[in-house]
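As structure tokens, one chain now follows by itself in the form predicted alone.
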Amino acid sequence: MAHDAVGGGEHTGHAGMGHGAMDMAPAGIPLASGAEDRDGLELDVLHARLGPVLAHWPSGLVLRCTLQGDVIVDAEARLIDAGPSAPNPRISSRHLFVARRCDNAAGLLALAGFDDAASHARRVRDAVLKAGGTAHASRQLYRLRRMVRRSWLLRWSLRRVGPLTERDLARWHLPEHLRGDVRDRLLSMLDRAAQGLAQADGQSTHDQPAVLIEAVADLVRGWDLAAARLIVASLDLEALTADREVSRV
């Protein structure tokens, strides 16, 4: 038997006593089961659930993970529909698109431990959503992009995490802007935000391509929990609802 951790937490198991019915923790909590890892050694198998309510995590997404140590060996994703939020008629679709990219970038930067850059991204988001704040937001976004591109520590922390090749994109029908590793996708978020701000008022913004939920589960397999959260954050998802194309097909 195995633990089921709620909302991204996880419980660690203890060795069983080997006495049949006594093979339970004193409080009746089931112990972790054993399974053979890739090296032929037996490790505890634990179950952890990420979401649906978790900081810097797509709202409504639930990821059930099977862990050996802290490595995800299997995962299953599903959506819990909280209902779509009512759009604000005073905010254009273009500004909403840009604000979402900035918000997602802020979450990714926060997970990576770059709190100053994350705060900067949130300020850009707020400026975009404020009436008449486009010029100020553009200047702030330019500084943020320069800060992120020049950070060698950020490059070292995020490079080679969750790389997606052209073959991966084709397999899961993913958009081109998700190609590369987590750092590449972070830069793509900010570049797409800048492109959205550069558009003229009234010019249409292309809808964000859907990401199949099965792809989310597949992309985190083989990574530890910390890296998996970075990978999910880097997918630049819109708000998820169960009736959208992002749900199961």
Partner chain sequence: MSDPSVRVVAPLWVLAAAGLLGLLVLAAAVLDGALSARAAGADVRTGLTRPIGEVARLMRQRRRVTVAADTLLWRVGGAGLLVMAMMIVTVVPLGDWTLFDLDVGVVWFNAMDVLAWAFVWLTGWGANSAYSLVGGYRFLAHGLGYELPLMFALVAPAVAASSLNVGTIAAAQQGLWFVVWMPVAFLVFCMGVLAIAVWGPFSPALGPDVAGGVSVELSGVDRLLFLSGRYALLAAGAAFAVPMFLGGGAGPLLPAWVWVLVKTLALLAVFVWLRRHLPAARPDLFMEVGWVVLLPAVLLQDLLVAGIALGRS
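No experiment lies behind these values; they were computed from the predicted model shown. Numbering follows the first chain given and starts at 1.
In what follows, reference is made to the form predicted together with the partner chain, a form of this protein that is not presented.
Does the partner chain, in the model of the complex, lie within 4.5 angstroms of each residue among Thr165, Leu212 and Val220, using heavy atoms as the measure?
Heavy-atom distance to the partner chain in the model of the complex: none of the three under 4.5 Å.
Heavy atom within 4.5 Å of the partner chain in the model of the complex: which of Ala110, Leu169, Leu96, Val73 fits that? Just give me the one.
The residue in contact is Ala110.
Can you tell me if Leu50 lies within 4.5 angstroms of the partner chain in the model of the complex, counting non-hydrogen atoms only?
The answer is yes: Leu50 has a heavy atom within 4.5 Å of the partner chain.
So in the model of the complex, does any heavy atom of Leu46 sit within 4.5 Å of the partner chain?
Close contact exists here: in the model of the complex, Leu46 approaches the partner chain to within 4.5 Å, heavy atoms only.
Using 4.5 Å between non-hydrogen atoms, is Ile80 touching the partner chain in the model of the complex?
Although the partner chain is absent here, Ile80 would stay clear of it in the model of the complex, with no heavy atoms inside 4.5 Å.
Heavy atom to heavy atom, is Val161 within 4.5 Å of the partner chain in the model of the complex?
Taking the distances in the model of the complex, the answer for Val161 is yes, it comes within 4.5 Å of the partner chain.
At a 4.5 angstroms cut-off on non-hydrogen atoms, which residues of 144 to 160 are near the partner chain in the model of the complex? List them in order.
Residues within 4.5 Å: Ser151, Leu153, Leu154, Trp156, Ser157.
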